[in-house]
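Same chain, two forms, each on its own as structure tokens: structure 1, then structure 2.
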Structure 1
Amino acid sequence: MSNWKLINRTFLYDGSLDGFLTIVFNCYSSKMLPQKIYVEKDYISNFLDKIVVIKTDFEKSKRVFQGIEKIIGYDAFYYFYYAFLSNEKEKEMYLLKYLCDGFDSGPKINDRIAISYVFKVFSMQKRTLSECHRLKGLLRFQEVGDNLFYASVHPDNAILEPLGQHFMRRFSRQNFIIHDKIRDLCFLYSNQNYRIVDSTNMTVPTISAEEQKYQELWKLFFHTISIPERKNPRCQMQFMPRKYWKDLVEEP
């Protein structure tokens, strides 16, 4: 990317995957890289920045989406997608350089781990996947209605969609809501379809009487089998970090 031009501009976009892929299209077409990229709603105004607002273009996004798989390979899209869900600061610049370089060099980009932005993309996707895998085992669904279940999560990364898709495959006949309380979003699944909606003004549903009974039985079982003399909080937090405890029924 030595022949690329770094321009004194700060790009703002809507935070969506399509919005970011629009930036990739514009930058690769012009062979120019901005100094910074921010999500528009999170940007704190700075009179020194020269702002360019990038409007999401779904046709451009589609072309980049197809190009990643065709030119760089499916593995690259897999790395990119999970890295994009990361809460890492300045992730957009790392991903932009990774994809633009990948369009020039093809699948070989994934072998260049010594390049800082390639290494960073791999690190981000690894952390995101790790948290997603952990929450697949920690998520606690609670019955709140007839064949309707609810679970709350407080993830570091924006893993609501892959997490929800995992439980779609696992509980395909069960309607459920997964509530990301950090980002105020809900994953709603019903009848083989899902959508992600804003939950800012959502009222958390109350659990059913049957669910309350089973929760009490579970708590009783959990505390009955525990051995006070063998309690090891440090070891427990390695497998079940404290930040996830607020969403658990058993209250460690």
Structure 2
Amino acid sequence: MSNWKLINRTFLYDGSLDGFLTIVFNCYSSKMLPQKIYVEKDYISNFLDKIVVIKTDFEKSKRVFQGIEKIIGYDAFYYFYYAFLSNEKEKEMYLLKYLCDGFDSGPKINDRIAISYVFKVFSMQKRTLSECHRLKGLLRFQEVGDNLFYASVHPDNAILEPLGQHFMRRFSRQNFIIHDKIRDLCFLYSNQNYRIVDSTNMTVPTISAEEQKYQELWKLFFHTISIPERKNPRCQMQFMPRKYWKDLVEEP
């Protein structure tokens, strides 16, 4: 990758995984690296940039996807996928370099954590995964209809899909909605199928008296279970930062 040409172009894509894999295909086949990569709708135009809009090509993205699994290994796709969900600025350049280098050097790329872009991909992956894991615990469902549950979240990273899949395995019998209020997306699940839809005009349903009772019981349990002699608000705050409190039932 060291003798690749750095071209003075800014690539724009639609923000999807397939769109990004198309960029990877174009760059790897032409042995050229762009200056910057942005998502089309977040891009603020700058008259110095020479813009190229990359159209998502599912054929190309499929080939890259298979290539990652075959050449760099399944682990790499796992790292790449979670790093791609991160909200880090300019994550695309790091990921592009990681994948292109990976196609050249194979699975060994994952040992070279001292290279800045490999390290960055790993740390992005770690941050996304840890937020996802934290929300697996801190998400709270409310029963809003017969066997229909609703939860709202405000995650930093775009983890709606892996989060929803966790709850799919867990609550396969109940229907649920997970609402990402930051990105205005909804994860809808019913009968072993899920969809992610835009939810700009969604109204939050009201809750019943039965639901209210269980929320009160939970609050009571939450306050009773802590030992007053061992009070340690700093420790509590460390695990449960304030940014997650607005979606909780209990008030810590």
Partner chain sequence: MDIFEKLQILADSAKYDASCSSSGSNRKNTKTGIGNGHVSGICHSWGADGRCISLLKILLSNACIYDCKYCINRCTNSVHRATFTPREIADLTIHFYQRNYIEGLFLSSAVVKSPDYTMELLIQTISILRNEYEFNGYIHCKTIPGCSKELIDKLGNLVDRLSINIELPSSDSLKLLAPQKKKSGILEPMTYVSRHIKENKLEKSTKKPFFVPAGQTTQLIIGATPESDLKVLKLSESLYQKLSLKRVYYSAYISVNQDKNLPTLDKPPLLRENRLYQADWLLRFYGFKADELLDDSHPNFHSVLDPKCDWAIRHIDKFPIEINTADYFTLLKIPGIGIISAKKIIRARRAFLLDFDALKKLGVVLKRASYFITCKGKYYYPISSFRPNFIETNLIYQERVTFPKSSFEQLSLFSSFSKPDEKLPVFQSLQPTKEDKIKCLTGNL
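Since the structure is predicted, the reported quantities are computational estimates derived from the model, not experimental observations. Residue numbering: sequential along structure 1, first residue numbered 1. The term rigid core refers to the most C-alpha atoms you can superpose between the two forms while keeping them within 1.5 Å.
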- Form predicted in complex with the partner chain, given as structure number: 2
- Task: Look at residue 241 and decide if its Cα position differs by 2 Å or more between structure 1 and structure 2 after superposing on the rigid core.
- Result: no
- Item | Core fit, then residue 16 C-alpha moves 2 Å or more between structure 1 and structure 2 | no
- Give me the C-alpha shift of residue 229 between structure 1 and structure 2, core superposed, in Å. 6.6
